[in-house]
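Below you will find one chain, with nothing else, as structure tokens; this is the form predicted on its own, and questions on how it binds or moves follow later.
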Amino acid sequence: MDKRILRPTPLNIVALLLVIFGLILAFIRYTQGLGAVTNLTDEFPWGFWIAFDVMCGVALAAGGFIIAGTVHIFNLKRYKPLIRPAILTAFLGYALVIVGVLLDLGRPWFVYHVLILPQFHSVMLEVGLCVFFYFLVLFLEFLPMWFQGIKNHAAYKALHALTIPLAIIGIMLSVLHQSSLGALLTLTKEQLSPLWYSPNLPFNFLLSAVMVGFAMVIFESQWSSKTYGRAIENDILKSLAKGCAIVAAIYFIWRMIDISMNGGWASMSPGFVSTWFWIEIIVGAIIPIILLIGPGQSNPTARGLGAFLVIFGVVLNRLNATLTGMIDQMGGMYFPTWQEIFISIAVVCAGILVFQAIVQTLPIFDEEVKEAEAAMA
């Protein structure tokens, strides 16, 4: 593997330029206010940053607790080669979620109030605390990688001893706040289309997070294998693809049942909202199930496409449940400004660049972990 911190590839150069441009736009946002760069209104006080950076970001970071539970709780050691990349992806994902929250808050310098002035009757308190503490858990899970990389053996062994307790705490926090984001949207019964509103939103969000957690690990593993010339862990990824397909099938069947129970089909009519619903279901659930349920599990191209479409489907689900599904009910129209979109793109690019910098300097992938452990023996 090329051990330069960031290889000057055309894509990396473009990503870096986008990050710089995003920082300029963020400066304008903080000096001139939300109105200078967003289309947020009293009718739509939550926009693209909450829908994409926060709602989607939390879901896409679910691979960390999925693989941690698989390896440390269910003791399936064959998946151990995937755990460090999954933890790193989750750690960076939650860091970017926090960035998204700070961008969206009108007065972000008061964000610490959730800790010192808790509103015990607000579901936002549970969301905020779980995100904060799970980010702290992920940081502690990341630190052994750092200490192993800088060859601080004492610190590595001390933190490595906490692996199991941290994994248990992390899984508990993840389950709580993946579902609590859905619970938050149960407060929008009068605003959200019946195609997405349900009293079961907490379970729906948790189930879709488990599904996309499998998909993110598959997609990240295949992307890093291609990028860094590593061998694809085909047997492991085939097993994950099977698990992803099973969860996706359960999710699809349950969504159909849930919509039927809550009268969602009665509101179905040709139009903007229903179009996005069917795109979410067909492209984000049905097609991935077809790709991942059979021979596609063994084919890296089909498996990668299936995983990508699951990711697309969950991202679209969060955007629909937070924005699209409210348009008809709210009687207005919100579309993010180009500045909102570019800042979010810059946030994603920053995460990709930091991921590359870390995997090129620390022992993250299995072969490098084994070499580092052998050197410490």
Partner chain sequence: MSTYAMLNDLTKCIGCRACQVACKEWNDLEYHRTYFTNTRDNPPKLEAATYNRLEYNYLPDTDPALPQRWYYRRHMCLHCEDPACVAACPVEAFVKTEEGAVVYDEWKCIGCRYCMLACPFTIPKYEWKSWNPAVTKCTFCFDRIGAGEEPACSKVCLTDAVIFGNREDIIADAHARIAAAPDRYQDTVYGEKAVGGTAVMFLSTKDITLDDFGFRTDLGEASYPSYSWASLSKVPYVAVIVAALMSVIYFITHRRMPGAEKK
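The structure presented is a predicted model; accordingly, all values stated were derived computationally and were not measured. Residue numbers count along the first chain shown, from 1.
There is another form of this protein, the form predicted in complex with its partner chain, and it is not shown here; the text below is about that form.
*Asks:* If you check Ile150, Ile257, Ala154, Ile73 against its partner chain in the predicted complex, which one has a heavy atom within 4.5 Å?
*Replies:* Residue within 4.5 Å of the partner: Ile73.
*Asks:* Which residue, Ile236, Met172, Leu143, Ile290, has a heavy atom that falls within 4.5 Å of its partner chain in the predicted complex?
*Replies:* Looking at the other structure, the residue within range turns out to be Met172.
*Asks:* Of the listed stretches (240-248, 112-120, 281-289, 207-215), which one has a non-hydrogen atom within 4.5 Å of its partner chain in the predicted complex?
*Replies:* That would be stretch 112-120.
*Asks:* Is it the case that Pro81, Ile364 and Glu368 all touch its partner chain in the predicted complex, with a non-hydrogen atom of each within 4.5 angstroms?
*Replies:* Not a single listed residue reaches its partner chain in the predicted complex, so no.
*Asks:* With a cut-off of 4.5 Å between heavy atoms, is Glu126 one of the residues that contacts its partner chain in the predicted complex?
*Replies:* So Glu126 counts as contacting its partner chain.
*Asks:* Determine whether any heavy atom of Phe308 comes within 4.5 Å of a heavy atom of its partner chain in the predicted complex, and answer yes or no.
*Replies:* It does not: once its partner chain is placed as it appears in the predicted complex, Phe308 has no heavy atom within 4.5 Å of it.
*Asks:* Any chance Ile168 has a heavy atom within 4.5 Å of its partner chain in the predicted complex?
*Replies:* Judged by the heavy-atom cut-off of 4.5 Å, Ile168 is in contact with its partner chain in the predicted complex.
*Asks:* Considering only heavy atoms, tell me if Pro108 and its partner chain come within 4.5 Å of each other in the predicted complex.
*Replies:* Pro108 belongs to the contact set for its partner chain.
*Asks:* Going through 173-211 from first to last, which residues have a non-hydrogen atom within 4.5 Å of its partner chain in the predicted complex?
*Replies:* Heavy-atom contacts to its partner chain in the predicted complex: Val175, Leu176, Ala183, Leu184, Leu187, Thr188, Glu190, Gln191.
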